[in-house]
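Only one chain is included here, represented as structure tokens and corresponding to the form predicted on its own.
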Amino acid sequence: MTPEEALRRRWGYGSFRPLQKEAVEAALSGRDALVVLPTGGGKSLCYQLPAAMGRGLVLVVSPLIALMDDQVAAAREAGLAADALHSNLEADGRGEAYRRLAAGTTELLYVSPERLLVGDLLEDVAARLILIAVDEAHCVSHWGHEFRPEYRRLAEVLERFPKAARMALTATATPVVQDDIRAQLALREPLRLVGHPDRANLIYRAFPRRDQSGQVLDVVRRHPGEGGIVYAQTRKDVDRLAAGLRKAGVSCAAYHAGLPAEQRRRAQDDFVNERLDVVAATIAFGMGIDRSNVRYVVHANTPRSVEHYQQESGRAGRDGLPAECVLLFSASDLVLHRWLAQKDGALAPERRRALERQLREIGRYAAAPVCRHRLLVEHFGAAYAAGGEGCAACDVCLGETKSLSDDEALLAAKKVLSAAWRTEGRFGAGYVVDLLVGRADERMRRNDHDALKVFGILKDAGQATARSWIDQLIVQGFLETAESGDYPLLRITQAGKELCGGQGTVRLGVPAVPRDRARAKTKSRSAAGRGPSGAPADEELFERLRRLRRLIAQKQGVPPYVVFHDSALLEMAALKPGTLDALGGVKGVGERKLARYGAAFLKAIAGGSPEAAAASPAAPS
């Protein structure tokens, strides 16, 4: 069986995605590989397909303990003899997995790095091992955004199996991180397969944060009944946002490390199994999530790095269909990230340098009036070539954020910098905003700041714009914040003084489109009305098929995406196949799934109720 035949029979796809075939062939030929593919780019197939070829055992090292059982279920749906060994596994399941491993029937085995480093598995896997795949490989790098010390010890294990190919996989790695992965995992002249990082199906938006709860609710209301994730910086913010969404009638749960384990598990299970529309969460929620039809991700606070943002926002639209990613920015988020990183003690010099670089880069992404797709792509070392109208899929290129002319930006910047200069760095950003827009209180009058020439100089621009410009000037290094007592003080930098003197350039942007127009543009792009073939889908049938999928998933005890992705359901709703042969031609319907679920889906396509169709017995697994 060739890789192409395995792909068609096991997974129901007629062709590989970019770089998948090269990764598979490298593994089958015994060559090491470094695979960097964007979220949704099909990394798991790169090591699952070699396991399906019958050559031996593939060992997958992954930190995603919460997700391993779902990954095993998905692999088994493709006909693989898959197991996982991790700390959450019950004794019976662990015993069965050990027996299959000892009998030599296991084709694909997931383990956590901690579990592998114990060392007792090494003898059991040695004879049959053909490939060791290290998933989330960026965790090995000090320069990465999710460094894990245990990953640094994996090279010890890899050296025990010199004949097995090594494959390091990640969705987010700059060229520097790629080099570090290669060195730390001791990859041997690896084939470097780096996909283009752009996610063309995602609409990126970054706006100044004015009314966090209201802005989040606006996005959620654009996607009624669809799956979404709202990330916030602190547990308190998560609880407040979740409560506000529930009060507004949104099906929402909170998720953070301060909640009981059972409550977290229930929120995750309900979301993955589509019993819950929205999860408001800290970054504790994420790496264990594999719901393919997340239609939007909102960052109510600025994440810690571009890498974090790429990975977290990338949980939207993993099925390749349009989705929306919104970031609400405030420079105060960067101050809090810095404080949180250092509160437990001084950072090692290399981690401190990495943190400062990461904060500068995410601040630039969020505040600069530049195409968001371009900024993300170039951050990861790739070139971005957009048409004459830009990407047509971000707030800047859609005209929702307007870039000021050079002269306008310089004049506005000088007004803001002058106010910071004249207040001598003794006040916070809120005070300087009040000064700029002419809002005098007793303290300002006592300081005689209401008599300054800069008092009210940005009255026409408004409070939100003045605050946004301060944040943008902080990101560009013309202003800075300094900790003093209970709140940070705002002061002008040397670069800011030089800009006021005519040296240097500055870029500033302002929101430019009313929210109702922005909503209309999002709706027209994110409506999931077509299948992969481009044919229009019957929306009523699509919802009926989604209902059937949920019922089957409940009966099988697996997440709905394991049965079929939304893209396959859309194709069914567009083509309306009437026979098993025709249904087998739908992308994502492999031989095993066709045999197990084909009859039920044909009944629903013919007009039968999901409940009646789900009652059809599935073929044995």
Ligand code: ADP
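Numbers follow the displayed sequence, beginning with 1. Since the model is a prediction, treat every value here as computed from it, not as a measurement.
Unshown form predicted in complex with ligand ADP; subsequent notes refer to it.
- Checking 551-559, 568-576, 44-52, 22-30 against ligand ADP in the predicted complex, the stretch whose residues place heavy atoms within 4.5 Å of it is 44-52.
- Contact annotation for T39: at least one heavy atom lies within 4.5 Å of ligand ADP in the predicted complex.
- R318 belongs to the set of residues with a heavy atom inside 4.5 Å of ligand ADP in the predicted complex.
- When contacts are judged by a 4.5 Å heavy atom cut-off, L7 counts as touching ligand ADP in the predicted complex.
- Contact between R17 and ligand ADP in the predicted complex is found at the 4.5 Å heavy atom cutoff.
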